[in-house]
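A single chain comes next, written as structure tokens; it is the form predicted alone.
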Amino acid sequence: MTRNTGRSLADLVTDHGGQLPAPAPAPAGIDRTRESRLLRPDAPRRGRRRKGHGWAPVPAPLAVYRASSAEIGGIFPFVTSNGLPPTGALIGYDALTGGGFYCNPVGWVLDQIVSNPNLIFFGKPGQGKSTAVKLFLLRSMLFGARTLIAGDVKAEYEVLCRAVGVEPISLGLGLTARINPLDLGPLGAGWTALPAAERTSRAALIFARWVVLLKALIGARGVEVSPADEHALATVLADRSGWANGDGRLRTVTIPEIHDALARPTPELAHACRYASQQHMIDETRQATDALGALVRGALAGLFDAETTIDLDWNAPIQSLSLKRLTDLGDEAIGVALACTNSWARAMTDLRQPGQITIVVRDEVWRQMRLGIGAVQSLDADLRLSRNDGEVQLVVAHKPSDLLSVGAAGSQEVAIARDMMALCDTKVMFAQDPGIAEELSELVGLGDIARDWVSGWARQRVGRAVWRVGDRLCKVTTVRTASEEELTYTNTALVATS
């Protein structure tokens, strides 16, 4: 039988008027036949009947499968890379491709992979969520990024701070450190030398931040802030800060000053707030006034009711505000402390130098969000402004219900919290139970395959997570070095007591 070998490449080129170059002559002394035998050793199909030569008594059966192009695209070697550039902090490797996985939120924005640099981490306790966050912070320091832990509730980041030569700042009853959440921050630097238009612009930003914080603190006591209350707060802030005088001056105020102005208003202040009399203003704002009094006379008295006594060193790679000593005061007190520290951190990170990357970590975010609509709006505002400010907001939560339990179904709080997911274009999902994975699938928009990764593949090994970067999915296994294990270990307390 004659074998049909078909037309050669040379024949095809000749048909179209071309000609392949002639092969180069073999150098003298080289045996092409022997070389081909070295490259393609002659061996039987079943191998040689010797130990180590791959001999098989029975040939392997050939399995035949039928599949569509969509299924074939998920079989090696047809799996393609995720297309993320290898820049930024190395986190681990992508199980889909075997290549390294790098996290570079700001670079992803510049490459138009995502629309904002914010990240949100979901995961059950003990699945490697905190480890991945710490590795990202530690390795981002190599690129000049600076980190602010705006409220370290469990003192998880203290070891990391001390490892790079930074002593964390502890807030607690009896300690000397105090924070004024109504601090001017860098926006108040060189105020008198600023042009009038610049002072007006900065004052608008400062007052907006102050009002949002005060609404959150009042809402934490279960008091709903009405539009009239909000107007009164803004008027009192302008009066006590000196801005209402019209001479362009602005000074720092404290929460006790605001409380005192509401409790004992002057006739001029009551008129400016559009109340008929001083007593009318006292009666109408009584609930808001009493709510603010909790920070003056309550469990947190002495922490957020006076001038700031600490000074952050922004040349340091990381700064941390530890709230561990407040854990005995309850979730509400911790939530209020987080709201105050977050507002103060927002002020401290204003006016950074162009190109300077600041990562603000918001851990245990559910505690703050349960304070009410004001706290939700405060976090929402920070996430929205991150792109313009060049700031990376890193939110850490356990499960979607941490965000959606801020209010009744259909409430404004829940609507804002749900929209906040869109303000974090990078979502990192560690192992979850199947029911929680289903919630994530609905909230984040995961497909069936990615949902099964979260509830199946990720649960098989600590450190596995599904990263959704914009519209791209990656199966990432976090990898840490031996020297990093001690810095990122989160079960120290359990081991010490076992």
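The model shown is predicted, which means the values in this text are computed figures rather than measured ones. Don't overthink the numbering: it's just position in the shown sequence, from 1.
There is another form of the same protein, the form predicted together with a small molecule; it is not shown, and what comes next is about it.
Novice: Looking at 187-195, 330-338, 124-132, 254-262, which one sits within 4.5 Å of the small molecule in the model of the complex if you count heavy atoms only?
Specialist: So the stretch in question is 124-132.
Novice: Of Arg139, Arg240, Arg384, Lys154, which residue is found within 4.5 angstroms of the small molecule in the model of the complex when only non-hydrogen atoms are counted?
Specialist: Only one listed residue qualifies here, and that residue is Lys154.
Novice: Suppose contact means a heavy atom within 4.5 Å; in the model of the complex, does that hold for all of Lys399, Gly435 and Ser455 with the small molecule?
Specialist: Result no, not one residue of the spot touches the small molecule.
Novice: Answer with yes or no whether Asp425 is in contact with the small molecule in the model of the complex, where contact means some heavy atom within 4.5 Å.
Specialist: Close contact is absent here: in the model of the complex, Asp425 is far from the small molecule, nothing within 4.5 Å, heavy atoms only.
Novice: Can you tell me if Gly463 lies within 4.5 angstroms of the small molecule in the model of the complex, counting non-hydrogen atoms only?
Specialist: It does: once the small molecule is placed as it appears in the model of the complex, Gly463 has a heavy atom within 4.5 Å of it.
Novice: With a 4.5 Å heavy atom cut-off, would you call Asp183 a contact of the small molecule in the model of the complex?
Specialist: Outside the cut-off, so no.
Novice: Taking the small molecule as it sits in the model of the complex, is Asp229 near enough to touch it, meaning that at least one heavy atom pair lies within 4.5 angstroms?
Specialist: Heavy-atom contact with the small molecule at 4.5 Å: absent for Asp229.
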